[in-house]
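Given as structure tokens, the chain that follows is alone and in the form predicted on its own.
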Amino acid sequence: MGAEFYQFFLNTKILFQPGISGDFTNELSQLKIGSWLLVTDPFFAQNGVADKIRAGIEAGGYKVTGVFSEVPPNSELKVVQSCIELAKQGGAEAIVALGGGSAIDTAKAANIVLSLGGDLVEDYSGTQTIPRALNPLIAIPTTAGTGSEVTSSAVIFDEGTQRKLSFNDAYLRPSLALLDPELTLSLPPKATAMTGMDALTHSIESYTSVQTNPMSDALAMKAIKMIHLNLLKAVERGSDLEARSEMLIAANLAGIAFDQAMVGIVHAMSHATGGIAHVPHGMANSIYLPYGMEYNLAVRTERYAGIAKRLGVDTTKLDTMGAARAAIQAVRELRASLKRLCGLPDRLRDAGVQEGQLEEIARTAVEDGASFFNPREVVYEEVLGKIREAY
């Protein structure tokens, strides 16, 4: 039986073109904002990319009040607060975010307070807490993975509680997403692999979640095929603009898919592992993906069988269960190839997780919001078993 009800809404304008980040003044004129804060990370502040973005904005007659470049790999509350203070000091009306998911999430969180005032955690953490539209936010992703440029969520690390805080609201989606594959050419092989596996996880989990719908299905399945065809190429030949372009588009499609359908057990375990053991999100997703698929195999057999074809599996001689298992094996083989090419870990112990942390990770995963969208009940003992297997 098909879906009885679903809704699909995307209020982000998406533009794709190699080099587009250097000149988007026509889009700026439509947003009618005179002064902008540029938020990025140290790498893009130092390699000149942030300067080029700033110059392009200023060439159109707009003011850049400052560049906030203190974004770490996993953004923190104190970082967001510093960003807010710099925006207010310079009189910025809105924000341009340049970077990966951490930079974009920092900008999203800062934009809440810049637009509405108040306390970020006390007033806005959680789901559907934002009362009205925020100031414009432009997102320019430099990785092909998180999909943050089109999602309604931001994740910020709380140093006090050692947990990741989630902010989820339709108003958090950026006003404009600029997809410029030239910005991903400098991404190192391991980062390319991690972010690509993050996008693959978004695709697979959105396709198998309890909230899946025909629109998210179509986007997820297209993304899976594009990632299968292009991720290894992008890791092996970082200068391959076509592979980079396909991966950037695939990550964007996957971001829209999971923003609509949500994710599941893999993300629940990854969120917990990131907060407790500080493993990068894409790396954790890559490690956990086949184990999460195994956890849900009995209730998503047909869906995994459908995924198999997009992962390059010849399913003509396989029954449904055989094809589903082959899909999981294809993910394992992809991880093995990435480990061989760039050293991406496929075990938790190799990512710095300590055995004594496994039980806490499992307890935290069960309580994570992503677990509520998993197609099978998330049970502590069984989750801990999968985490131990991944260790």
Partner chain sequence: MAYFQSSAELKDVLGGFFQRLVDDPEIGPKLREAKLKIQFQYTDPPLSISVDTGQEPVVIRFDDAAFKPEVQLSMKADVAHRFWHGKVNLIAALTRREMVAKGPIPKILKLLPVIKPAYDLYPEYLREKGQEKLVLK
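Under this definition, the rigid core comprises the largest set of C-alpha atoms superposing within 1.5 Å between the forms. In this text, all values refer to a predicted model and were calculated from it rather than measured experimentally. Residue numbers count along the first chain shown, from 1.
Another form exists, predicted in complex with its partner chain; not displayed. Remarks below refer to it.
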**Answer option from Lys78, Arg163, Arg237, Lys222, heavy atom within 4.5 Å of its partner chain in the model of the complex** = Arg163
**Asked** Between the options Ser245, Asn252, Ser125, Asn213, which residue brings a heavy atom to within 4.5 Å of its partner chain in the model of the complex?
**Response** Ser125
**Asked** Where, among 93-101, 303-311, 272-280, 166-174, do residues come within 4.5 Å of its partner chain in the model of the complex by heavy atom distance?
**Response** 166-174
**Prompt:** Would Ile130 count as a contact of its partner chain in the model of the complex, using a 4.5 angstroms cut-off between non-hydrogen atoms?
**Reply:** yes
**Prompt:** Contact between Phe24 and its partner chain in the model of the complex at 4.5 Å, heavy atoms?
**Reply:** no
**Prompt:** Does the 4.5 Å heavy atom contact test between Glu367 and its partner chain in the model of the complex come out positive?
**Reply:** yes
**Item:** Contact flag, Phe372 vs its partner chain in the model of the complex, heavy atom cut 4.5 Å
**Value:** yes
**Asked** Cα of Thr161 displaced 2 Å or more between the shown form and the other one, core superposed?
**Response** yes
